[in-house]
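This document starts with one chain, in the form predicted alone, laid out as structure tokens.
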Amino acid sequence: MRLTQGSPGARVLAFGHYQPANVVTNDDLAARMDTNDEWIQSRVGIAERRIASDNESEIDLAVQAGGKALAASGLSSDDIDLVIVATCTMETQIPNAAGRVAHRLGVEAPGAYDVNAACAGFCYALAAANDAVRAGSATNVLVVGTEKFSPWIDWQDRATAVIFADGAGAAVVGPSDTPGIGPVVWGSAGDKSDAIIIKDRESFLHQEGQTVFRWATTALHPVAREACERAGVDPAELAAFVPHQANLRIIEAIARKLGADKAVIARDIVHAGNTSAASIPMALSRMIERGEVPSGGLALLFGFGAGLAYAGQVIEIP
């Protein structure tokens, strides 16, 4: 029996993102439920979010973001041999998203599968892509996080309607002579899995906000620090900290306890809301587009949420 020979390392070659055109402000929500802009911003830090149209699917969002990442990478669709899509909001589970996204982008006969680790999904998928390139199972991988939360939300429930949104982010991962993606640190707290749940196909998303908030602000900063340690990076060396865009208060609490004093902190949630598996690649893609982070700098990506699953790794910014 023979083993495949992979690349010494892997790195992210490029990011891409896509948001639906429809902007929903806090004032728009206040017109339909008992809430207001001050209440929302003081609790979760969101000013507005994007909501997809009825005829715009998770696949459509993923194709837009994936196409931008592929174009920015300098590769063609022929160069991609594996597509991984992280999502938890598909209307149906069969067929998977990855195969359809690949087909729409002209990627012929790739390996294609979906990952459901909810808000940590992109970091899980990125770890799988890194391992595949290093093991020789794939050469270039398209990784997409895409979510359409709007059909799963009760738009009269201010506990969830003010938070979740739609969007997609993507990355292309390719071979490298030196590591550009650090070791993943991941885990889960299954005893708290009921804190974020969709009970059945006829139900909306339910979240126990205080339970999630306490868990995220007390249990996760050591995991984020461990991801830095396993990559051989001091948090003070980070150019960027890109956590899942769950809640602005959670983001700032983890960043403060991590000690990433020089890092640019992603705060995409203010204008994008919580887009679950899409939030990390979308936030970093927008930071790169705005010139807020340096190419070659180090970024800590850190996802956490339903499951309750979490994962993080340090990457070199393309």
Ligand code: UT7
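Bear in mind that the values here come from a model prediction, so they are computed numbers and not experimental data. The first residue of the shown sequence is 1; numbering continues from there.
Unshown form predicted together with oxa(dethia)-CoA; subsequent notes refer to it.
**Q.** Contact test in the predicted complex: Ile265 vs oxa(dethia)-CoA, heavy atoms, 4.5 Å
**A.** Taking the distances in the predicted complex, the answer for Ile265 is no, it never comes within 4.5 Å of oxa(dethia)-CoA.
Q | Any non-hydrogen atom of Cys119 within 4.5 angstroms of oxa(dethia)-CoA in the predicted complex | A | Cys119: contacts oxa(dethia)-CoA in the predicted complex.
Q: Check whether Ala159 has any heavy atom within 4.5 Å of a heavy atom of oxa(dethia)-CoA in the predicted complex, and answer yes or no.
A: Flag for Ala159 set to yes.
Q) Quick one: is Ile250 in contact with oxa(dethia)-CoA in the predicted complex, heavy atoms, 4.5 Å cut-off? A) Yes - in the predicted complex, heavy atoms of Ile250 and oxa(dethia)-CoA come within 4.5 Å of each other.
**Q.** Among 234 to 242, 76 to 84, 183 to 191, 211 to 219, the region lying within 4.5 Å of oxa(dethia)-CoA in the predicted complex by heavy atom distance
**A.** Residues of 211 to 219 come within 4.5 Å of the partner.
Q: Quick one: from Ala255, Met287, Val44, Val63, grab the residue that has a heavy atom within 4.5 Å of oxa(dethia)-CoA in the predicted complex.
A: Spelling it out, the residue with a heavy atom inside the cut-off is Val44.
(Q) Give me the residue from Ala132, Ile196, Ala72, Met90 that has a heavy atom within 4.5 Å of oxa(dethia)-CoA in the predicted complex. (A) Only one listed residue qualifies here, and that residue is Ile196.
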